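We begin with a single chain expressed as structure tokens, specifically the form predicted on its own.
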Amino acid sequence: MLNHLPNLKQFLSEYYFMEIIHLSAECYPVAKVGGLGDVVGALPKYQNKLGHVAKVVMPAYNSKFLYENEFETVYDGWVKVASTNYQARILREKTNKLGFDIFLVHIAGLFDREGVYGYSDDTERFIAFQIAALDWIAQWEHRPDVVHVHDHHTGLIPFMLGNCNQYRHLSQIPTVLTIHNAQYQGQFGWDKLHYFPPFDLINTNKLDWDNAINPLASAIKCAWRVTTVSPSYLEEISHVANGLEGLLSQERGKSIGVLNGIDTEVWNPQKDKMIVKGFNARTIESGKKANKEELCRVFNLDSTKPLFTFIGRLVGEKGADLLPDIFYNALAQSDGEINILVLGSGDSHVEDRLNEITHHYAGRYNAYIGYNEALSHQIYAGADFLLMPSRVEPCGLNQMYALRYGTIPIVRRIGGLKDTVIDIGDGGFGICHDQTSVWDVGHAIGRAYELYLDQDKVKEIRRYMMSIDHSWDNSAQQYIDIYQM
């Protein structure tokens, strides 16, 4: 229960302006795999606009950002993981170009690679990152007011702050965990317990879940507050959370659902440099038309037909395994009256099947397999409909980008999609379905096509969607209020 937790307000009430340290594996535009990168790239900026001092600490991957910007070294030390010592340097970007200070933890031999995840030594990589970050903070002459960790990659920090001997003087720093996706937990075996800095072994129960060391479970146990990226996702993970349901129910008293926002400076159709023609709610018709025509020219599609799109990771939780069958059916049944364009990468079998469709429906369907940030902006600007048939969607940002660019979302009623999209049948502005199935999504595409035939209604919906405020302004303040609870 909240009244049995450390009182953050007691610790923070004397500070109206707080120093907030975000620790994350991703941060746009430094390194991004999914929505985690977008959130961590925006939330600190909006917290700074509220008058606070928010900073981000993340690994230094071999990224374009690292080589195209100037950095200064603010820490130079060593981190030991198992029997190996690694040199750890922390670099600060000099110009504050992101709207907040970004610190990159460079660990030679572990993070000097282009990829973010997917390596056999990911456990060692992220443990080393967390220890190096805490070793640096431990040397400060002051303490930050809040340490905010994101997902399992930084989930051991609340435990280490509260239990490891060398961080004992930091144990009263309030910690907040945000769960972006509870399906990924970072579990590893007890044979790696010696990776941790020394601590009293009586506290190993704080690391344990299902007979393994589970960083996400540990963070849920040890963090002072737990947040999820939408209110509906907080409800859902009490029932479906890849084995953590009982723990999340047990810790519900300190848990709060906060809907993500979007960075309305990056996602601004009027000023977006990545699209062919900028537009606002007043000029949306000409703007959408110009962007759609360019998309259709590049991908050999018919700009006079409605354009349906999917943007995202081609994985099961996004419903991507069903996309080939959904698209074959929709293209066969529409008698040439719709276009479909896909942007994404992931499961190689799904990628191959999506590419195959191009051979059967050239001129009506195309796919770009890969990641292309600029193309995603162009698709949001030019498409008529965005498909999100997700099995799991903790928040979802794509539907908010679509709304911002006047593209009607077609979504499953789950997680943050349920919190942000209202069906046209209920007086809303999107098309919703209840199941991730070929039939349900196909029926939703049919409803969308019928809507498209009523262009007066489409224009009305588009203008309304563009007026919806999904900026970070409100959510950033909610996090400040949580820090002060």
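Every value quoted in this text rests on a predicted model; they were computed, and no experiment measured them. Numbers for residues come from their place in the sequence shown, where the first is 1.
As for the form predicted in complex with ligand ADP, it is not shown, yet the points below apply to it.
For a residue to qualify, one of its non-hydrogen atoms must sit within 4.5 Å of ligand ADP in the predicted bound form; all three of Y371, Y380 and Y401 qualify.
Picking from 333-341, 392-400, 352-360, 167-175 the stretch near ligand ADP in the predicted bound form, with a 4.5 Å limit on heavy atoms, gives 392-400. L36 is the sole member of V441, L36, V57, L43 with a non-hydrogen atom within 4.5 Å of ligand ADP in the predicted bound form.
A single residue from the set P409, G312, G319, G287 has any heavy atom within 4.5 angstroms of ligand ADP in the predicted bound form; that residue is G312.
Although the partner is absent here, R447 sits far enough away that none of its heavy atoms falls within 4.5 Å of ligand ADP in the predicted bound form.
At least one heavy atom of W267 is located within 4.5 Å of ligand ADP in the predicted bound form.
The closest non-hydrogen atom of K32 lies within 4.5 Å of ligand ADP in the predicted bound form. Contact between S376 and ligand ADP in the predicted bound form is found at the 4.5 Å heavy atom cutoff.
Contact annotation for 229-248: no residue has a non-hydrogen atom within 4.5 angstroms of ligand ADP in the predicted bound form.
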